[in-house]
Ligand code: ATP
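Next up is one chain by itself, shown in structure tokens, the form predicted on its own.
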Amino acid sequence: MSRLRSQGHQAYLVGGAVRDLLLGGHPKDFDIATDATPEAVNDLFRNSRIIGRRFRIVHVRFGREIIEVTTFRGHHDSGSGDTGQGENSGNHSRQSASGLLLRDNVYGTLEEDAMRRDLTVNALYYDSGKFEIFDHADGLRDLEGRKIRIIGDPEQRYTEDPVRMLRVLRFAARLDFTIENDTAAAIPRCGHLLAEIPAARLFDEFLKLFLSGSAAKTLAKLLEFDILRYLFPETCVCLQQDPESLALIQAAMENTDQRISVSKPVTPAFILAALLWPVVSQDSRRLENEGDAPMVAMNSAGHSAITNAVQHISIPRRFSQPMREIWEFQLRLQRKTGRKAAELVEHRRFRAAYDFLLLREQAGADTGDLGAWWTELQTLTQEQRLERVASGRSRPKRNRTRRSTPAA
């Protein structure tokens, strides 16, 4: 901010950092708003690069930290054409026929930028040179009232960018704020617009929804406003048919929040495995009833569930493969005899699969106390494990010698 001001530009700390500081919290990242264009910012900082297409911003890297710098956004008309300033200038906007903003590079003033932001509590600007806070959207009032309010007409703002609905629910859950009436009322009417959002962007939003330490509350909000069905439609169908499925997903979210609260690692694969398990387990049972072997049925059901899910939300292979292994392990953990059973404890995916098994039991699944058995087995040495699993073998393996076939 100091360097931008030294070159005659305005520069303010904005958004979540200001909000969290005023709430007495610790910001996770810092965003800067300025009247300098992305090109001007890029020229001032050698350690920066311009990113984005829908709205171009600058990432300035300081060591491992990235400061996000945005140019003040201005108002644009409701048409779908250029603002007349030229494609090359970067100052233009474009909307789809439905009103979705496809490009939003219209630059303006501080006051205009404040009214273009999504939530009032995210439209607070701090001037570190004058030690002043600028509030053009009554964000301080809503911060004191612990209320989430969209700036402008909610239905229009959701139409411009449907992801704003997810942000409303996420911040309401994370901050434990109530949602202002008009802001809340428009969400069920506009939920279908999420179908226009690219699956890759929805995956990024999924990470923010469930990996911010308030996954359980966020899930409750998504269900309350009937929005989860636009992210995981097949799961929502299963939830209506099987209450145990909802208990499993809730337990997975609570487990994730607990791990984050004590700085333990979490992986999206585990959460995704829980969200799609109702679909996988139901489909695998159907395939077994049709004659497939259990593991074949599980493999087929897992593949089908992921294939259908990625039509709505992108799932990178680095997560989809561990998901399938967690599901398949639910069958492998049923086997309590033989050397392979003892060696399962050393498998790289065992811990996640074991935790998943415990969540299933917590949700009401009858596994025949498999969780307790595997919990005890982990306390034993490798030699004791082998002895333990061998004791349950019905018959020892016989050494077989291959008979030689006489030459014709």
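What you are looking at is a predicted structure, and each value in this text was computed from that prediction instead of being measured. In case it trips you up, residue 1 is the first one in the sequence shown, and so on.
Note that the form predicted together with ligand ATP isn't included here; everything after this is about it.
Novice: Which of 225-233, 295-303, 321-329, 109-117 has heavy atoms within 4.5 Å of ligand ATP in the predicted complex?
Specialist: That would be stretch 109-117.
Novice: Classify K28 as contacting or not contacting ligand ATP in the predicted complex by the rule of any non-hydrogen atom within 4.5 angstroms, answering yes or no.
Specialist: K28 belongs to the contact set for ligand ATP.
Novice: Quick one: does R285 come within 4.5 Å of ligand ATP in the predicted complex, counting heavy atoms only?
Specialist: The answer is no: R285 has no heavy atom within 4.5 Å of ligand ATP.
Novice: I'd like to know whether F203 contacts ligand ATP in the predicted complex, with contact meaning heavy atoms within 4.5 angstroms.
Specialist: F203 lies outside the contact set for ligand ATP.
Novice: Give a yes/no on whether R19 approaches ligand ATP to within 4.5 Å in the predicted complex, heavy atoms considered.
Specialist: Contact check for R19: yes, within 4.5 Å of ligand ATP in the predicted complex.
Novice: Just one of K147, K217, R164, K336 has a heavy atom within 4.5 Å of ligand ATP in the predicted complex. Which one?
Specialist: So the residue touching ligand ATP in the predicted complex, by this definition, is R164.
Novice: Find the only residue in K221, R174, H136, H312 having a heavy atom within 4.5 Å of ligand ATP in the predicted complex.
Specialist: After the contact test, the surviving option is R174.
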